Every structure is written in C-alpha cells, then in structure tokens.
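Look below for two forms of one protein chain, each set out as structure tokens: first structure 1, then structure 2.
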Structure 1
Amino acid sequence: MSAPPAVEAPVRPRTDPPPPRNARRLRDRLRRDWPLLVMVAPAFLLVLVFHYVPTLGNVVAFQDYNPFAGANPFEAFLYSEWIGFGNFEALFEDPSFWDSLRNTLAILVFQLIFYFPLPIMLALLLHSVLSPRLRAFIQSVVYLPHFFSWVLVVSFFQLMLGGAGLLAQVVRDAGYTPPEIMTNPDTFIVLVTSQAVWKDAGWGMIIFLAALAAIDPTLYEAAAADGAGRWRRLWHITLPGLRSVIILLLILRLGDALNVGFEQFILQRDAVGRQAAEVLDTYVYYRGVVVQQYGIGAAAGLFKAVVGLVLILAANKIAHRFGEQGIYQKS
C-alpha cells in the first residue's frame, strides 16, 4: 500500500512588513497638518536664512579674521588664523566697551521702570472707555507712530525740541534761553526713553488689550454684585488676568535686554557724544564695520547674545518658581 501524497501548505503572497508605529504616526500627522506646515514654511525659511545661517559667522570671534585670506568668504573663514579667546581679552580690556555696556544697562533699567508699565496703564485706561468708536479712534492714534521709522521719529523730536524747534522759538519769544534738550548728554537717557514711549507704547498696548478682552465679564458682574468697587475689581480680577502676559513680556524683554536699539542711537550719537550715546549695538557696528576689527566686533555681539540667553533662562526659571508658565515649560 502506497503512502498518501503529502499535502503542501498554501503559499501566502509575500507582503511588506508594516511600517513602524512612529513612522505611521508621523505620516498621519503630516497628512493632517500639511496646510499648517505650508503656512509656516515661509516664516521658517525667513528665520533660517536671516537668523540661523548668520550665526555661523560667530566663528570670527575666535579668529584673527582676514577677508583676503581666501578667494571667497568661505575660504577666508577656513584660512584665517584661530586665536582662541584673544578677541574677548582685547574686548574686555577696551574702555569704550565698558562705556557702551554701562550705557546699555542704564538705559535698560530706566526703560524697565518708566517705559514697561506704560502700555499696561494705557490698556487699562482704554479698556475703561465705553464707546467702541472712541476706543478704536484713540487706539489708532496711539499706535500709529509704531509704523514711523526712527529717522522720522528723531526728525520730529528735532523739530519740536531742537535748538531751532518749536519749543525753543516759544521760549525765546518769551525772553528766556531755551534748554538744550536734543544735545544734552546728561538728559539723553530721558530723551531716548521719551522717543521709545511715543513710538512703541501704543503698539505694546495691543497685547494687553487682547488679554483684557479674554477676561470673563461675568467675574466683574459678580464682583460688582458683591459690592466690590472699581479698584477692588482692578486689583482682584484685572491684574491677575494680566499677570501671565506681563511676566511673559517681561521675560522676552530681559532676553532682548542688551538690544536697546541701533538706528535711534546712531542718528543722535554725533549730537550728544560717544560717552552718552554709545551702546553695544553701535559699538559692534563701529568695531566690526567702521574700524574693521571683525573679531572684536563679533566677540561683542556674541557676548551680548550669551548674556541675553542667560537672562531669559533665569527669568523663565523664576517664573516657574512663582507658578507661571513662562515662555516654555519643562517636558
């Protein structure tokens, strides 16, 4: 008796192994969010080209950079001599650097005290205006100077407060000697803060108006029903509602602490003198471009960036200690 023939197992068609779970998740998210990615792409390219790529030039801070060392800028980077922290040593031995740092810190502290609260106060005052048309008109007038260039702002102040300006003519007609406002180095810090307030306080107010609009109006109604006056509602409802925004903007301002401006100071530097108007931005320009000490200019710029990074990390950590979100949270 012969053995029955062996039954062969059915041959299954070969299929590719399923993609890993993370790859599927990424593919699903790309398919879902592609409109948002397309919208973000121009801004990403803008930041990449004009912010991240130029940071590669910080290597000049550690070189005795010679732009003629190669046939093109890339070869000049490669063939320039590396000198370690030599540029930083020269930077810290330069008295004009310490003058510019002192002026920058003085302007920063002065503006944090006298400029930073003004957009909050403007937003609170404007929020109390009941007429929407009047509120829109005041808001438009107040933030309009933000769109003016610094050349126009300084020219406007020159026409109003300069030696041949409107105020000086009125004072002369009254028989008195007009004060030197635009050329006085002792009051220059007040002058630049006034210009910054006129130009940007209205623009900064918009963020706080948006935060005020997000506060639930039923809280005010409940507080008024309980007998709370205007000041109590301001203290217990409005200011707590603005606290997270205030801390966020304060952290961002500290991160940008040493960037007090360039155009505003370069335009008025000759009028009041280097001792009063030299800040870190103008110091980097004169060292790196005018005098062509590229390494020292790059070292000053890198020093400013590192200080800003340390300030923003410290301020964010303090915000976490007080229970605020800050600009980022720990994962």
Structure 2
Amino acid sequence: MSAPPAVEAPVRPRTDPPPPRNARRLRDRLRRDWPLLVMVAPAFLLVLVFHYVPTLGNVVAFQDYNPFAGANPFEAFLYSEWIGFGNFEALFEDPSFWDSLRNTLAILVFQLIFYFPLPIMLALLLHSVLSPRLRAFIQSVVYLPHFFSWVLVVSFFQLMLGGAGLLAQVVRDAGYTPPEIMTNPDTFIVLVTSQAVWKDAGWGMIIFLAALAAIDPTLYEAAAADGAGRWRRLWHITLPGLRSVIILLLILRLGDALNVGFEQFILQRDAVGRQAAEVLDTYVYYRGVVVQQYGIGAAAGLFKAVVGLVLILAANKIAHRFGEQGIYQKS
C-alpha cells in the first residue's frame, strides 16, 4: 500500500476525457499519411492475397491431403487426414530427394564461385569504356539474352553444341569425333552455369553499374592527383564503393539458395539423366505434382524455405560482424 500523494492533483474541468495520447497520435498520422496508405494498399492486398494466404496451404505438408474431401476446396483442407510428419518421413527416406538436394547445393556453390563474380567484372569492364555509344551498344547486347525463355536458350545451345549441332558438324567434317557437350552428366554443372552466364550475366550487371555511377567522381580525381594508378583506384575506391551492394546481393542469393531453377533443368534432365540434373524444384514436380502427392511437395517446399531462412540469417549475421549493413539491422 502506498502513501497518499502529498499534493492533490489539480481539479480538471468536467468535460469528456480526451482521447488517449496514442490514439490521437495515430489519428493525426492517418490524417497526414492517408495518400501514402492508399497508394500502398493495392500492393499490400496483392501480397496478402497472392502470398500470405497461399502460404497457409503449407498445412498440407502435415496432411494426407485429399482435394476431394468435404464440400468445397476449403473443407478439403479441414477434412484431410493429419499424418504428422509422414510426408517429411517419406521425403527424407527417398534417396532421390537427397540426390536432388546434393545437386542443388553443388550447383549453388559452383555458381557462387564461377557465376556470381562475373556481373561485377562485366560492370567494371563496361564502366571503364569511355565512349557512351559503345557502352550503350555493349549493354544492349549483353542484356538481350535475359529476355529469352529457357526453351529458347536450351534450343540455341542444342543447335550450337548438340550432337547434331554446328560444332559437332564442323568437328565431324574435319574427321574427328565430336565431344558430347549436351549429354555428358559429368560436365552438366559447367553447361548449366555457362547457360546461366550467357542468359543473365548482362542483366545482373545493371545493379553494379548503378552502384558504380553513384561513386563520387571527385574521389577518383583526388586519388589521381595523389598519383594513384588504375589498379590503386580500383582497389581503394571502386571496390569499397561496390562492397555493400555485393554483400547485399550475396545475402539475397543465399536466401534464394535452393531455387536454382526449374525449366532449365527439366528441359535437359533426360539428356543427362536424373542423377545429374534433378534439383529440388524438378523433384517437387515429379514427386509432388505429377503424381499429385501435394503433401510431399509441400514438405519439400517447407524444407527449402527453412534452409533459405537459416542461410539468410547466418549471412546477415556474418555481414554485421564485418561491419556491413546486410539486408536488415536490429533496431
């Protein structure tokens, strides 16, 4: 029990109590920000309807999902039998799941080493080209393949490097046996990385070009005045200027780690065999969608998401350790 206050509180006039401070502040802010909120609302709704609501469908990972149970699709979720971790058990007992995970991780690591740095190098090279017209021309040429579909890209490679393609015919005409490029499982990882580089390296460099454009030119002038050569300027000005973007993209790539692609692999899967070309996405398709084992497909999807989350948290933590901002910071 506390003692009574020494000083009486001042007597307030008998009017309605004012709204609590928080509510007043909220109302003020709503009045002030309503145009912004209206502008954001459609995007928010889109994300809600097409992202968060479907996410609820992940419950089928714990069900023997029967789309025909109940009177409507919603009831199908309610009435499908819960089977605990049965789907995960089936998933983890399936050797082809582990094959596909191994392939996915191998492709991820390979591409991080041999693909990820290429757009940076391309951007640096292009940045050093002085003629704006030549730069615009090169940019257009290297962007272009990004807009081709995977079907087109794979067909193009087939026409050039396939057993009946241009290279094979030239080699054959010269009296030699052509190499198996499109059907060799042992070099498939190099093939898919080359395709990815051809298709997307030019597109990937855009963001680095933007970051390069943001570097203050006076820094270069000052460094040049101090006698720094091209390499010194690259090392001490350009690369530090790019560092935060590189780390940001690396973290985002890790978060997306197990999505190495679908079309590219399904198109070439038969040519090199499942053992080389099965990745998690194609596994989900064959095991989950084709035979309608939605539960197993959802379980594999959840597994992917958890691995992605762990990777992104870890990478962000490491970025903080190195004094970088990462993709978010603790407030």
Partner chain sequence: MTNRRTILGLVGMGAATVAGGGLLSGCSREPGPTGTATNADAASAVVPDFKPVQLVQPDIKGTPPVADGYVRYPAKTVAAITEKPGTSGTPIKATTPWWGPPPPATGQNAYVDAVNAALGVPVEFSVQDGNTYSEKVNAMVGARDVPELLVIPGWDIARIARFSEGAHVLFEDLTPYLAKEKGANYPMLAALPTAAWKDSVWGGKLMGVPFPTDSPFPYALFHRKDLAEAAGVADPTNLDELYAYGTKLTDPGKGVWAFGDISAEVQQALGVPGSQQGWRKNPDGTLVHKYETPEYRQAIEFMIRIHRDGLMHPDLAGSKGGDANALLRAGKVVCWQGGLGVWRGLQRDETRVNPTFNLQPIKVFGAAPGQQPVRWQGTPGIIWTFIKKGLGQARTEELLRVLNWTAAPFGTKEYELREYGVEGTHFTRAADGTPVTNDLYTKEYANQFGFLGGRPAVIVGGADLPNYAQDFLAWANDAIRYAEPDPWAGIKVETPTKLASITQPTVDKMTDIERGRRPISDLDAVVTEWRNTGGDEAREFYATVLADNGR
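Take the two forms, find the largest set of C-alpha atoms that superpose within 1.5 Å, and that set is the rigid core. Note that the structure is predicted; figures quoted are calculated from it, not measured. Counting starts at 1 and follows the sequence of structure 1.
Undergrad: So which is it, 1 or 2, that shows the form predicted together with the partner chain?
TA: The chain shown second - structure 2 - is the form that fits the description.
Undergrad: So with the core overlaid, does the Cα of Phe262 end up 2 Å or more away between the two structures?
TA: No, the C-alpha position differs by under 2 Å between the two structures.
Undergrad: Once the core is aligned, please say if the CA of Met39 is shifted by at least 2 angstroms between the two structures.
TA: It does shift by 2 Å or more.
Undergrad: Any CA movement of 2 Å or more for Val49 between the two structures, core superposed?
TA: Passes the 2 Å threshold, so yes.
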